[in-house]
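A lone chain, given as C-alpha cells: the form predicted on its own.
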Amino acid sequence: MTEKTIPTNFIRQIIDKDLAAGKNNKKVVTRFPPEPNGYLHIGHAKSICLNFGIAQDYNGTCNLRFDDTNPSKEDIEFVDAIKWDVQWLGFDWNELHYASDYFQNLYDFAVDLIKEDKAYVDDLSAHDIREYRGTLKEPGKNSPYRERTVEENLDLFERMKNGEFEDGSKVLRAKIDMASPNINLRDPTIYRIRKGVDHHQTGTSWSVYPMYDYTHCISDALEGITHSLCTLEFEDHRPLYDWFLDQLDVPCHPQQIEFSRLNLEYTVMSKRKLTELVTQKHVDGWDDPRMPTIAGLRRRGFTPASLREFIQRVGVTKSDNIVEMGVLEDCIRTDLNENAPRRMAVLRPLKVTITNYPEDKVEQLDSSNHPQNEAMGKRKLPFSNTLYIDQNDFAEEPPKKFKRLIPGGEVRLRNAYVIRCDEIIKDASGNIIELKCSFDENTLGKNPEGRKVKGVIHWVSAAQAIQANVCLYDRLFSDPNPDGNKEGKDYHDFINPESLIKLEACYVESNLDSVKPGETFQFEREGYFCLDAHSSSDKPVFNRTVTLRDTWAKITKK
C-alpha cells in the first residue's frame, strides 16, 4: 500500500517550525468560521479543506464556528446548509460554536477596554466617522467624543446594551491611533446598536452586537485556536487582531496567517452578487446547478472527492490568481470516468422500427456497467423491434466523414446488432418522424461477414424506456472574468443565455428506474449526468454535470 502524500505549502511550513519549537504545547487547533448569511461557495471549500485537512494531518482538531454577529442578514437555513456542506465534503468538527456563545464575554471584554481608557462611545454618524477617518494619504482626526470620561463611557455603553438608544445613534470604538498609516487602526468600531432584531440563537436579548474584527480574534483565543487561517483581504487587519489580544486577558494569542482566495473563471464569488443572482431570479435558488455554491455543485453531480482534488491541485499560496474552469471540470471528469456506471439515454429521440424483428419479442442483452472496471458487473438491456435513437445520429444528406446512420447505410447499435436504414417516414411538414430499418441477426457481439461497419450509436428500447426531462447545464457566464472592470458593463451583462437548456420527452434506459437523487452516471456518448435532487418519481429529471470533453476549449481558441 502506498503512503498518502501530504502536500506542503507555506502554512504547513510555519506549523512545522512551530511544532519543532514546541510552540502551543505542540498542538494544532484550527477553525472554520463562516458567517451564516448565505450558502457556501467553492471558495469556502478551499478554506474548509485547508482548515480541516491541516487538523487531520497534524493530529489536531478543527472547530466549526458561526460568525453570527449580524442578525439582520443571518438565518438558521444558512446554518443548516453550512453544516451539511462541511460534512458532505468529508469533514467533521471537533467542537461546534457560535460567536453568539461569547456575547457576554465580548461585552465584558469591551467593558474592560473602557475601564482601561482604550474604548469610548461615539455619537458621530456613520458618514462622519468615515469623514474623520482620513485617507490612505492623509491621517484621520479625533472624534469630539473621544475624550469622554471612563465613567461616562461605561454608563453610555450599558445604556446602549439596555436598548435606550436608537440604531445608528451611537457606537463603541477602540481608542488606538487616528494617525496610524493602517486605516484599520484608526479607532475602529467594535459595537453597534441593533434593537429588536431577532437573532437565530439569542432571540432579542441583545440590543448591541460586536463587529467582526473584534469578535473574531477573541473567539479564536477563547477556543484555544493555534493558527487562525484567513484570506488575504484580512492581512491589513492582522495588526488590529493582535492589538485586541494584547490588550485583553485572554487564554492565548493565536497566530493569524493569510492565504489567497480561490477565484474561478466564469463565476462570481461575491456573496452579495450571488445573493443578487438568487433574489433577481437569474437562477433557481442557492442550489441552482449553475451556481458556484457547494449546494449547486452537489446538485449538479459534483462529488466530494472531485472538489477535494480540485482544491489540492489549486494549492495554497499568497498570490491571487484566477483558476481556469477547465481544471475543475477535469477533476470531475476524471472522477466520474473512473467511478460512474454507464447508461444509455436518448435526449432527442427519433423512432426506429426494425421491420424484420418479431413484434412480440423482447430480448435481454448483456451490457457492461463500466468497460474498464469488471468489478462493476453487468446489466440487462431490453431489445425490441421499436427503439429510439438520437436525431443527431441520422442524416438524410450526410456531411463528409459522417459515420452514423444514413439512408441505405448500416450502423451498430451499442452492445447490440447492426441495423440498416431502409425507409424514411416523414410527417406532412416534411419532418422525419420514423426510420424503418432491418437488423442482421448474426451481428450480436461480432462483426458482419464481408463488410465493415464503422459507426456505433446508442439507443433505448421504446416499450421499456423511461421518459425523463434533461437539463443541460453550462457555465453561468459567457466571459471568463465577468467581475472584471469592463467599460459600461457589469457581471449581469455576461450572463450566458444558454447556461441552461431544458429537454423534455427524453428517454433513458429502464435500469435507471430506481436511481436515488445525486447518483451520477455516464450517459454514453452524451456526458455525465445525475438525478436532480428535486426530481419527481413520475418524470425524473437528470442534470448534466459535465460534457465528455472540454467543449469550451475550442470556443476560447477561436
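Being a predicted model, the structure only gives us computed values, none of them experimental. We number the residues from 1 along the sequence you see.
The form predicted in complex with the RNA is left out here; the points below concern that form.
A.B. asks: Look at the stretches 352-360, 313-321, 377-385, 106-114 and give the one with heavy atoms within 4.5 Å of the RNA in the predicted bound form.
C.D. replies: Single hit among the candidates: 313-321.
A.B. asks: Which pick from G326, G285, P407, G224 sits with a heavy atom within 4.5 Å of the RNA in the predicted bound form?
C.D. replies: Partner contact (heavy atom, 4.5 Å) among the options: G326.
A.B. asks: Out of K426, K446, K281, R451, which one falls within 4.5 Å of the RNA in the predicted bound form, going by heavy atoms?
C.D. replies: None of the other options qualify; the answer is K446.
A.B. asks: Just to confirm, K539 within 4.5 Å of the RNA in the predicted bound form by heavy atoms?
C.D. replies: Taking the distances in the predicted bound form, the answer for K539 is no, it never comes within 4.5 Å of the RNA.
A.B. asks: Using 4.5 Å between non-hydrogen atoms, is P210 touching the RNA in the predicted bound form?
C.D. replies: Although the RNA is absent here, P210 would touch it in the predicted bound form, with heavy atoms inside 4.5 Å.
A.B. asks: Answer for H492 alone: is it within 4.5 Å of the RNA in the predicted bound form, judged on heavy atom distances?
C.D. replies: Contact with the RNA, no.
A.B. asks: Please run the contact check for D67 against the RNA in the predicted bound form: heavy atoms, 4.5 angstroms, yes or no?
C.D. replies: Yes, D67 sits close enough to the RNA in the predicted bound form that at least one of its heavy atoms falls within 4.5 Å.
A.B. asks: Judged by heavy atom distances of 4.5 Å or less, which residues of 92-112 approach the RNA in the predicted bound form?
C.D. replies: Heavy-atom contacts within 4.5 Å come from no residue here.
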